[in-house]
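Take a look at this single chain, the form predicted on its own, given in structure tokens.
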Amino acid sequence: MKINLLGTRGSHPISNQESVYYGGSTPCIQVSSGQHQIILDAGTGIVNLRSSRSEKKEHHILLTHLHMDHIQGLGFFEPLFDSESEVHIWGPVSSQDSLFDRLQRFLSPPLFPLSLRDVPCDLHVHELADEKFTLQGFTIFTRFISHPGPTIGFRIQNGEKSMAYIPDHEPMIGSLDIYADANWLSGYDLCNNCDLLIHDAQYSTEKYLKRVGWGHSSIKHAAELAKACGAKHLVLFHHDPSHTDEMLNSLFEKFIDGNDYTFPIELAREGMEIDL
């Protein structure tokens, strides 16, 4: 299973000389195994996913939620406009409007020149709750997690390897400490003993205390959640757009210094590839 980070920035995309290394595109991850592929989220990073006309025509995009930074690139996904392509969009169910109707609010005039209902591809929209299913050779688990609006996290298994993707998450609202009993933690089922955890770490500790309830984690939250759940490798994701490369390095080094986590922790970088 190969994981390609196409976009790692949270909230909104950025483009400046101070953020070249970690990148400025918003969330999108390609997960592949052999000829199979799925795409996690459709932020502006999805534009970095290039496909030739000769490639397979079936595409699957799995959305954690519908905040703008996670769907900004959807309208620029080339297969949507290929009449020979079959595109499946998966995302969280809502107690109010359908997933299709919620997506069309963004992908329709005046916000977008074409309505989602008029794209020429063979489009299928699927709603997800807490469930398990098989897709493109992957076994996928979904769970609702703590973040404003209907939001799900994903656990993806391929053979004996597993990864969890939870890009927007506040596992402990109002506290930097983690429950002693990890079973009470939001996202525990997804992270438990996973080989790779890609997790929200948008805030410094100081900034988190000013943003309680906004649905995001500090670096400490992510590391402590990974530790409590027995994750084997943590990648810190969803970088704050105000954090330059230098600031991210400084925050990371300050946190790591003096801590004794027994698993590798690193900052997500646009273009990073991980092979499980």
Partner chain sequence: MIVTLNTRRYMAHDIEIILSRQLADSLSVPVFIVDTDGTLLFYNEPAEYILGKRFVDTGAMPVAEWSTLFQPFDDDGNRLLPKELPLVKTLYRKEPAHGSFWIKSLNGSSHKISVTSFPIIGRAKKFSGAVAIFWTDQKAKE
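Positions refer to the first chain, counted from 1. These numbers come from a predicted model, not from an experiment.
The same protein also has a form predicted in complex with its partner chain, omitted here; what follows describes it.
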Would 205, 252 and 261 all count as contacting its partner chain in the model of the complex, using a 4.5 Å heavy atom cut-off?
no
Have a look at 93, 176, 123, 114 for me and say which one sits with a heavy atom within 4.5 Å of its partner chain in the model of the complex.
93
Quick one: of 162, 186, 72, 85, which gets a non-hydrogen atom within 4.5 angstroms of its partner chain in the model of the complex?
186
Is residue 158 close to its partner chain in the model of the complex, meaning a heavy atom pair under 4.5 Å apart or at it?
no
Any chance residue 153 has a heavy atom within 4.5 Å of its partner chain in the model of the complex?
no
Does any heavy atom of residue 105 come within 4.5 Å of a heavy atom of its partner chain in the model of the complex?
no
Residue-level contact is defined here as any heavy atom of the residue lying within 4.5 Å of its partner chain in the model of the complex; does residue 245 satisfy this criterion?
no
Work out which of the listed stretches, 197-205, 124-132, 106-114, 73-81, brings a heavy atom within 4.5 angstroms of its partner chain in the model of the complex.
124-132
In sequence order, which positions of 131-150 have a non-hydrogen atom within 4.5 Å of its partner chain in the model of the complex?
131, 132, 133, 134, 135, 136, 139, 141, 142, 143, 144, 145, 146, 149, 150
